[in-house]
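Starting off, we have a lone chain in the form predicted on its own, written out as structure tokens.
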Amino acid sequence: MQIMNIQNRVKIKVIGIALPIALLIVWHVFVSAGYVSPHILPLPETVLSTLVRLLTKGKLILMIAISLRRVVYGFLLGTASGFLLGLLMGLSRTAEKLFAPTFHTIRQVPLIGWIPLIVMWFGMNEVSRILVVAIGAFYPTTLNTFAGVRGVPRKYVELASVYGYKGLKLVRRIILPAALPSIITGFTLSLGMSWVLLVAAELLIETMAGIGKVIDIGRETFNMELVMVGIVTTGLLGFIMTKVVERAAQAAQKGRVFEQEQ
């Protein structure tokens, strides 16, 4: 059974690696054969050479650093506020009745739809970009934290009360560990949404730097190599950040289990 599980994992990883390689091959063949003009879709090797050149000169690294700073600030702000609201509504039926109707009404507004209002309130600056990112992180964290806390089995709470677990001790030792998988899912979804909205904010809220600016410059100059570099960089960084959060979450879960066993 264990050998079969290992074989299945290897197959999944091989397929996961083979699929993007196959897409690159199809991309190369279609452009090389003239089905798509290289002015519209550059060859993969052209995009790669442009990427390497920009990295070597340090220009792309600077753009990435600025975007990462924005997404970190917005992500922390959005997840912190979302976690607190989700936890409050999950623990208190009264808080849910007070805040849930407003929350569920506001979250029906498309995330991009907040950008004009934020710009009018705060201007075309860093605060606006960070707030857009924070909104993207806020909703998934709130929803998943609420669902995780509310989904804790009642018997866990009743058994904990028998041993004198009340208030903050009950929340810290019983409710949060039980809700942790759902909370982690919320953080992961929030990071992905934050990154997507950051690029949108950099495109729509005028800025001098960032991954979105790279794409915008490519659009303005009809430099498709630059546009593709921005798109590829965005995708790779989003994938890497999501994996980092997932690994950190797994480590946190293992640490919590170890602590409880002790």
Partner chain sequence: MKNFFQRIEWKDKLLGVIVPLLVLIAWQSAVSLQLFSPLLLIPPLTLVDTLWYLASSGELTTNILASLNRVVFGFLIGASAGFLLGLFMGLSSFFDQFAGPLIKASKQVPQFALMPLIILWFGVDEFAKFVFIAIGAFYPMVFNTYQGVSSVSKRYRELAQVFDYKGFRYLTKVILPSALPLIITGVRHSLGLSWMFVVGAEIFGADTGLGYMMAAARNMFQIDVVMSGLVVIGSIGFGINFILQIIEKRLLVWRVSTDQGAKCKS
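Numbering follows the first chain given and starts at 1. Quick caveat, the model's predicted, so the values are computed rather than measured. We call the rigid core whatever largest set of C-alpha positions still superposes within 1.5 Å between the two forms.
FYI, the form predicted in complex with the partner chain isn't displayed, but the following is about it.
Peer 1: Using a 4.5 Å heavy atom cut-off, which residue among 76, 124, 180, 84 comes into contact with the partner chain in the model of the complex?
Peer 2: None of the other options qualify; the answer is 124.
Peer 1: Find the only residue in 131, 174, 149, 111 having a heavy atom within 4.5 Å of the partner chain in the model of the complex.
Peer 2: Contact with the partner chain in the model of the complex is made by 111 alone.
Peer 1: Can residue 19 be called a contact residue for the partner chain in the model of the complex at 4.5 Å between heavy atoms?
Peer 2: Although the partner chain is absent here, residue 19 would touch it in the model of the complex, with heavy atoms inside 4.5 Å.
Peer 1: Taking the shortest heavy atom distance, is residue 40 within 4.5 Å of the partner chain in the model of the complex?
Peer 2: Residue 40 belongs to the contact set for the partner chain.
Peer 1: Should residue 88 be classed as touching the partner chain in the model of the complex when contacts are defined as heavy atoms within 4.5 Å?
Peer 2: Judged by the heavy-atom cut-off of 4.5 Å, residue 88 is well away from the partner chain in the model of the complex.
Peer 1: Using a 4.5 angstroms cut-off on non-hydrogen atoms, would residue 101 count as touching the partner chain in the model of the complex?
Peer 2: Yes, residue 101 sits close enough to the partner chain in the model of the complex that at least one of its heavy atoms falls within 4.5 Å.
Peer 1: Would you mind checking 227-249 for residues with a heavy atom within 4.5 Å of the partner chain in the model of the complex?
Peer 2: Heavy-atom contacts to the partner chain in the model of the complex: 227, 228, 231, 234, 235, 238, 239, 242.
Peer 1: With the core lined up, does the C-alpha of residue 22 move 2 Å or more between the shown form and the other one?
Peer 2: Yes, residue 22 moves 2 Å or more.
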